[in-house]
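Form predicted alone, single chain, as structure tokens, below.
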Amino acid sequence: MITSFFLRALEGRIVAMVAVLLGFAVLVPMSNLLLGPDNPLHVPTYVMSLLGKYLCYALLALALDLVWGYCGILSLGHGAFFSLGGYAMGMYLMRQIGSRGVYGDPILPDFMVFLNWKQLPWFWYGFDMFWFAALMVLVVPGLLAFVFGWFAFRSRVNGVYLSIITQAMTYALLLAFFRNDMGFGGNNGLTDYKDILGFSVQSDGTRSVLFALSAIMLALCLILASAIVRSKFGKVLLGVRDAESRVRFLGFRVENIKLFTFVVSAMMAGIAGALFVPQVGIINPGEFAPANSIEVVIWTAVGGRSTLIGPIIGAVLVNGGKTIFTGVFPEFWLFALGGLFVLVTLFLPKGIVGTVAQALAKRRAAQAAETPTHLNGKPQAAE
């Protein structure tokens, strides 16, 4: 049963993208570790880490597409789930520093010593173990999404009102995590990591593994999302997006359908945040900023909503453009991003992948119309 569920995900485009991601997971680390700096095919470590960050953003955009593109929930707060997953991993990495911190305390992180904390807060217990931190990467964003969705969906909050509430949620978390007495590093956040599972975070080998894990996890989540939307549940999901009242009248519990999808999407966003933190080297409250969640919407729209592959492409293209553009004209980047969103909305409403797919469908339909019909196995000339 489980096998048949995932086999539904293996359509041509998904297989191709999974193959590309797995190829990158192997080839880029090999190029970094096995080829010398003088080789033209060598990928420097900083470039590999930058690409790994793009893959984490792509996973976040994929998570948003699952709820926005297929369930009709425009979430402007997915940055909250991304950040919570990042903080869970950051707490584990901070516990691994031990006595190598500036103040040499074997238990308390440096910012707690600086703020005169006498003991470790209860919610930091267990984060010295990787399995516990990995579990919290899924549980914390998933639990927040469950509680939020339980009240919002049962109250039948929809449309722009739901979007505003999700944005208010992430802004509230932004203000909370800025406070020093919250125990998460305040404005500075969590940084100065040393090890992960006993390996140096700064070493080329560790960064290669993190890049490969980012690509592999993105491929696995793509398969999972594709299996969900191509299943019978996915058909109902599309019905909720396009005609929620009709689905409700047919006897389906729409709030449960939305809740399940929202929680799965939040967990995927949490995984993206957890992979993001050790590659970037810091997590702070700025990741909760509502503008970050709005950017994710732009990545998804540019690549193509309701395509799964489109948000991945959109996230990589927009962030790659951001890296280049901010190096040349840093003060104009936000104007360029806003202009890009307007242009896509006006001229590419289905995004890059959606527009290409539509053009190919029209071409196939035109070719089929030109093909002579067959009756009783004999070709008939078209009149």
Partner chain sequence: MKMSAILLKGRRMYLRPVRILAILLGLILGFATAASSAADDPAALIKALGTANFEQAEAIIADLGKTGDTRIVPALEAFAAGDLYVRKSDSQVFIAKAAGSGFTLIDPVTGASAGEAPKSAITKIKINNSLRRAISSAQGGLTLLSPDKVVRLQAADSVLKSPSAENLELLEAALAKETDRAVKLRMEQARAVSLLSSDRPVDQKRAAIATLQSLGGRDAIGILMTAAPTLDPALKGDLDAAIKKIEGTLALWDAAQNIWYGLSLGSVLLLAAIGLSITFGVMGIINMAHGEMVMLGAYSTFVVQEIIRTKFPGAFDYSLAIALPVAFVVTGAAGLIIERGVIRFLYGRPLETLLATWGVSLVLQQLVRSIFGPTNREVGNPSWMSGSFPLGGMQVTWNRMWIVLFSLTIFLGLLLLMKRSFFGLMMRAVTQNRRMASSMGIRTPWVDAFTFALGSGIAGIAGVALSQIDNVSPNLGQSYIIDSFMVVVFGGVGNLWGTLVGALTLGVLNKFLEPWVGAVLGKILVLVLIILFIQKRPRGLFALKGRAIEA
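For clarity, every value in this text was computed on a predicted model and none was experimentally measured. Residue numbers count along the first chain shown, from 1.
If you look for the form predicted in complex with the partner chain, you will not find it shown, but the lines that follow are about it.
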ask   = Going by a heavy atom distance of 4.5 Å, is I352 a contact of the partner chain in the predicted complex?
value = no
ask   = V356 near the partner chain in the predicted complex, any heavy atom under 4.5 Å?
value = no
request  = Examine A134 and determine whether its closest non-hydrogen atom to the partner chain in the predicted complex is within 4.5 angstroms.
outcome  = no
4.5 Å heavy atom contact, L120 to the partner chain in the predicted complex = no
inquiry  = Given the stretches 91-99, 104-112, 289-297, 204-212, which is the single one in contact with the partner chain in the predicted complex, using a heavy atom cutoff of 4.5 Å?
reply    = 289-297
query = Exactly one of L34, V328, L41, L346 has a non-hydrogen atom within 4.5 Å of the partner chain in the predicted complex; which residue is it?
reply = L346
Listed residue that, although the partner chain is not shown, lies within 4.5 Å of it in the predicted complex (heavy atoms), from A176, L143, L220, M129 = A176
query = Even though the partner chain is not shown here, does it sit in the predicted complex so that A19, L55 and I282 each have a heavy atom within 4.5 Å?
reply = no
query = Going by heavy atoms, what in 336-350 lies within 4.5 angstroms of the partner chain in the predicted complex?
reply = L337, G338, G339, F341, V342, T345, L346, P349
